[in-house]
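The chain below stands alone and is given in structure tokens; this is the form predicted on its own.
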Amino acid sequence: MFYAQVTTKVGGLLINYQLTGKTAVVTGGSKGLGKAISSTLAASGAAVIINYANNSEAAAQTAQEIKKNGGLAFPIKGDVTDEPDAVRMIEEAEQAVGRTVDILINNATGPQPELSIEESTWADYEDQLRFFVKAPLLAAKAVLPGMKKNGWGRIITIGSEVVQLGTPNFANYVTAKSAQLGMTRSWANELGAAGITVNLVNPGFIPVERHGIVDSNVYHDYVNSVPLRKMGDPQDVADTVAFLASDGAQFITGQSISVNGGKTFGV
């Protein structure tokens, strides 16, 4: 990836999507979608904090790749579902870069077991809510003082198309992801006057490391259900996130944006 200013022309006007001078925190930023997002934000000029929970090797490798290509990246360990650890992680991020956090990408996830209603317990639902509601709340509370002081901020949460699909035997996950939609809209209304936008990006099924080997029948069935007739790539999600983080998206907030080739439409 070539690191340079990102611009595009719209109606003859040169629109600048550069993030130089901004600091971004990507939770779960070392692998899968998080890695693509971290790399793309760095490519756009942001200093990127690659948050990880356990895999220091993967985080270090992602940071090394970014630095090799001329970007700024700092791997920082932290359990974003634990309040003291989440606060410490943000404090370390600000110390590492020397300024407050401007962009927060809520991407971290944990195990996602597929369970029928009969198999499910309340604990199974709570596990998903910890990652997809509690963690974004803790991180947002930690970065908001700096964003409000600067009068500028971006909070972008990675959701899922399952909210619209209502995937069966997966209600623990679908319920938690659904909660992110209401949270995004409420936060957007609350924080807009402070110059902070809040948006939700909903990827389709994009196989990454945690999915392992995907059965060819599953792969082809999914592709055939997508209007664009192809599987998405982590870069598709990363590009959308980078746009929403930029000044080019300064008038977009409270939105739920599907990145899935048209498989679903707006909520």
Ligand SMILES: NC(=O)c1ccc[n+]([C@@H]2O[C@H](COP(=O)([O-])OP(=O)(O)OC[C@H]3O[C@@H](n4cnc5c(N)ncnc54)[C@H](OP(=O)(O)O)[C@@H]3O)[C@@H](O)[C@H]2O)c1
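When you see a residue number, it is the position in the sequence shown, counting from 1. Because the structure is predicted, anything quoted here is derived from the model rather than measured.
FYI, the form predicted in complex with the named molecule isn't displayed, but the following is about it.
Contact with the named molecule in the predicted bound form, judged by any heavy atom within 4.5 Å, is made by just one of N172, T184, S160, T197: S160. Taking T109, S120, S178, N150 one by one, only a single residue has any non-hydrogen atom within 4.5 Å of the named molecule in the predicted bound form, and it is T109. Contact annotation for the candidate site: G32, F131 and I206 all lie close to the named molecule in the predicted bound form (heavy atom within 4.5 Å). Judged by heavy atoms within 4.5 Å of the named molecule in the predicted bound form, the contact stretch among the candidates 67-75, 185-193, 100-108, 138-146 is 100-108. Under a 4.5 angstroms non-hydrogen atom cutoff, the named molecule in the predicted bound form has N51 among its neighbouring residues. Contact annotation: V80 falls within 4.5 Å of the named molecule in the predicted bound form, judged by heavy atom distances. When the named molecule is considered in the predicted bound form, N55 lines it closely, a heavy atom lying within 4.5 Å.
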